[in-house]
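Just one chain follows, in the form predicted alone, and it is written as structure tokens.
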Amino acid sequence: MIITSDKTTSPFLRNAWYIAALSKEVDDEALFTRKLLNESVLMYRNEAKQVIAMRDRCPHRFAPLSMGKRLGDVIQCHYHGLHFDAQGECVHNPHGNGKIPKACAVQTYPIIERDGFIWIWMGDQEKADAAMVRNLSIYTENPESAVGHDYMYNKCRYDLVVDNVMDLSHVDHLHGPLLNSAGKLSPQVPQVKELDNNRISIRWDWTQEPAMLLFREHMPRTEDAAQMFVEVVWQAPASMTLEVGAVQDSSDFTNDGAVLYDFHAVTPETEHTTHYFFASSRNYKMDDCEYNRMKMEGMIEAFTQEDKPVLEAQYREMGDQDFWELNPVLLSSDVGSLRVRRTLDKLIAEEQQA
């Protein structure tokens, strides 16, 4: 059932694909609910294993449908027993003569499931272009022993998490030796490029001796200098691919070096809270399941123990004040994150004026 949302009052870009959940979060039986862009969304898999997404609110007395139960592909409201099919249409009214009011329907949302993620479109459904979903095929093409997915929850605005990924100079100051570049990354002035489809790229290149600890053991000579790079590509509204690598005696990182392929995506829960989705793969030790487990645990721990406390404290200090109204001091490392902020502000303004 297509029900038009009032996007003019939304602080978010609505005509865009956001990640609603990891594929593994929505199983074959249970009802799964998550608030996205200030709207509670019910997700479940139908009998064909396809993900269905609808507003988690009965139109009668607004009880969460996730409190109800499944009857095959139909959801029964727990409060007054109305039944809704996978298209959001009411198909059974147990009251009176059983007549179904014309307005008795639930909003549904387009869903695309790909590469371990469930993507949702919460804007104008006629503009939902599947081609705009990011290509993350590396997470299905690589063996499971070299792939990991995870989810984290943050009590801060989603744009602060985007800032964090788009300005990686913080690794020299916030993170421990595993991710630290020994002060080599901060002095670099990153290269920023505007790409097609509202994408922005930022890249750093430097030499480090020895290589960053994350890559050191994978270099031919562990104590010698290595060429290193990190590149982040942001796509509106809030997804980022991140590649970081090291190589010796070559300029071909992919074939001769060690490269880590990460994906970061944030979806606003509200103006004040954020869902953070993460995936990682690599081109080395690809058959080592134990290494994969340890690497994922280390990377998640680095975020939850180092980035997350600062981001949440940052937001508590900012309160409800707008980023620009606070007149932030700007550094050379801000060039990518500021370009992203201005681009996203422009896209939201254009959408609301349309």
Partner chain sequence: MSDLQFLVEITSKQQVAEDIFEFEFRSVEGGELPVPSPGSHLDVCVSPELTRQYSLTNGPDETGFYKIAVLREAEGRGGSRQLCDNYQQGDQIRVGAPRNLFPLEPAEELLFVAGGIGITPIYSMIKQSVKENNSFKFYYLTRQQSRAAYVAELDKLCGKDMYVHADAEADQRFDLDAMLASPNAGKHLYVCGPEGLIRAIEEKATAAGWLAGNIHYELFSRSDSLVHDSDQSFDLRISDTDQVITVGADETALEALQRCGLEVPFSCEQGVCGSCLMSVEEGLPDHRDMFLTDAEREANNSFTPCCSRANTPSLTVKLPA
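Predicted model only: the values in this text are computed from it and were never measured. Positions refer to the first chain, counted from 1.
Unshown form predicted in complex with its partner chain; subsequent notes refer to it.
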property: Stretch from 184-192, 108-116, 91-99, 142-150 whose residues place a heavy atom within 4.5 Å of its partner chain in the model of the complex; result: 184-192
property: Position in contact with its partner chain when the complex is considered in the model of the complex, options N283, T241, Q227, S280, heavy atoms within 4.5 Å; result: Q227
property: Sole residue of D205, E217, D129, E271 within 4.5 Å of its partner chain in the model of the complex, by heavy atom; result: D205
property: S66, D159 and V165 each touching its partner chain in the model of the complex (heavy atom, 4.5 Å); result: no
property: Contact label in the model of the complex: R342 to its partner chain, heavy atom within 4.5 Å; result: yes
property: Distance check, D249 to its partner chain in the model of the complex, heavy atom within 4.5 Å; result: yes
property: 4.5 Å heavy atom contact, E209 to its partner chain in the model of the complex; result: yes
property: Proximity of G298 to its partner chain in the model of the complex, heavy atoms at 4.5 Å; result: no
property: Partner contacts for 320-347, taking its partner chain in the model of the complex and a 4.5 Å heavy atom cut-off; result: W324, P328, V329, L330, L331, S332, D334, V335, L338, R339, R342
